[in-house]
Structures are given as C-alpha cells and as structure tokens.
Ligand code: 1HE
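Here's a solo chain for you in structure tokens, the form predicted alone.
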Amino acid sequence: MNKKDIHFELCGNQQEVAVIRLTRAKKRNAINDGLILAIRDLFEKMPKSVRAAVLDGEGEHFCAGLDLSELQERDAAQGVFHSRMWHAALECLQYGPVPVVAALHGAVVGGGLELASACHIRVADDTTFYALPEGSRGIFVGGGGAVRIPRLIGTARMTDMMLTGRVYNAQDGERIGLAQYLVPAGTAFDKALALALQIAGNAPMTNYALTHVLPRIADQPADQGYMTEAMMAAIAQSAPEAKERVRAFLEGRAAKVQKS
C-alpha cells in the first residue's frame, strides 16, 4: 500500500482519539486491497492511549467503494478468500479496541457503505449520498454488507437499493437509519471528533460492553440475552472506575442528565 493512501494521527489532551483518514481523494477514496489491509493493521496496533477513533475521507467523498480499476479476475475460491479478507479487516474495526465514529460526506457507496456500516456511530453531512451499485454491475456485496446493512435499514430496503440502484440522499439516509446524526455540509468531521472525545471519557469497560457485547446480545435468543446482560452488568459495575463514577454522582460531584 502507498502510505499516502491513509493518514493516522492522535488528538485530544491525552492523545485519546485516533483520526484515520482515507487519502485517495483523486479516486474518491475507493478502496483497494492495500488500503483495507492498512485499516486492519491500524486497528490491530492501536496505541494504548486511544479510547475512541474517527474514520474520515479526504476531499469531497467519504468512500466511493471498491476500486474497480484494480479488480482482478478471480475463480470462485479466490473470490471467497478475497471476501473473507475484507470480513476479517472490518471485524478488526467493528470489534476492535475502541468505538469508531464515521464522518460521512459525499459518496458512501458500495464498499464505502460496507465500511461505514462497520463503524459504531455515523455522522453524515448534507452532501452525503448512499448507494449499492453492485446489483447493476453483475456482482454482489462481499465486505460484510449483506450482514451489517440489513441490520441498519432492513432487508427489504437493501434489496431495493441493489435491485433498482436506488440512491438515498443525506436526509432520507438519516431517516432510515444509515446515519445517527445529520449535520450541515462540511461539519461532519467536527461533529464526529466531538462525539469521539466525549466517548473517550466513558469508562472503558462500558465502551467495550457497548461495542462487543451489545451486538452479540442482539443476536441471541431473549433468555440468553438476559443472562449475557446480567453478567456484563456485573462485570462493568465491579470496575473501580465505575464505582468512583457512581460515588461522584451520589455525592453531587457529577453532572445530572439535562434536557437538550
């Protein structure tokens, strides 16, 4: 991979937020194999100081998907292995060491939407648009989108996107669940960074429970989910930091929830 394809920096007073930026602006940040492996490596080797991350795209677009100019002809077995490579890389993001906030703008298309769907929070600005053009190109999603995207918007909506080439704008994308926040054009990164700094201030075990345990509870039958929840609640509240935070609240040293 060309090191110019991705940028990594640490932000915050304690370098607690990692900013990862795709820097293939001339390619609309389209993803090649080197770039997806670089994303994997960054999350596998995240500095210990980091408690949250922001994923961004340089230029006018977040990510326009797979770089088709580098698409190789593969037999069925090679296709399976290539798809599984994407799966493993995005698992390192979704089930990595820290929560990830995506700053979306411009194209969030194909593999770009698969990448965004692996993040825990998505902030879109008014320029964002979403599409899954694989259906019109005779191919199928292979980066985990068939699992993650229906969990955000439902199977019927994803089917529609792929069968008809439907494009969702920023407002409709937020309405159906492709993003949790919608902000004015040019401000997605600022909002994402602010959220990441806030998240970094949470107790680490709570963040871990939300990113690693909650999705698995959602996949479990109710009786198993309740048991997993009980065990995770017990583990989280037993942490010294959790005990101090509860004590601070009871003693009036912590802020109370206010209407926004």
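Not measured: the values here are computed from a predicted model. In this text, residue numbers run from 1 along the sequence as written.
Quick note: we don't show the form predicted in complex with the ligand, though the next part is all about it.
- Taking the partner from the other structure, the ligand in the predicted complex has no heavy atom within 4.5 Å of any heavy atom of R151.
- Taking non-hydrogen atoms only, K26 approaches the ligand to within 4.5 angstroms in the predicted complex.
- Shown alone here, R175 lies farther than 4.5 Å from the ligand in the predicted complex, counting heavy atoms only.
- Looking at I139, you'd find a heavy atom of it within 4.5 angstroms of the ligand in the predicted complex.
- Candidate site formed by H61, L68 and V109: every one of these residues places a non-hydrogen atom within 4.5 angstroms of the ligand in the predicted complex.
- Contact annotation: of the candidates A52, L55, A30, I39, the single residue with a non-hydrogen atom within 4.5 angstroms of the ligand in the predicted complex is A30.
- Exactly one of the stretches 97 to 105, 166 to 174, 119 to 127, 68 to 76 approaches the ligand in the predicted complex with heavy atoms within 4.5 Å, and it is 68 to 76.
- Scanning 204 to 242 for heavy atoms within 4.5 Å of the ligand in the predicted complex gives no residues at all.
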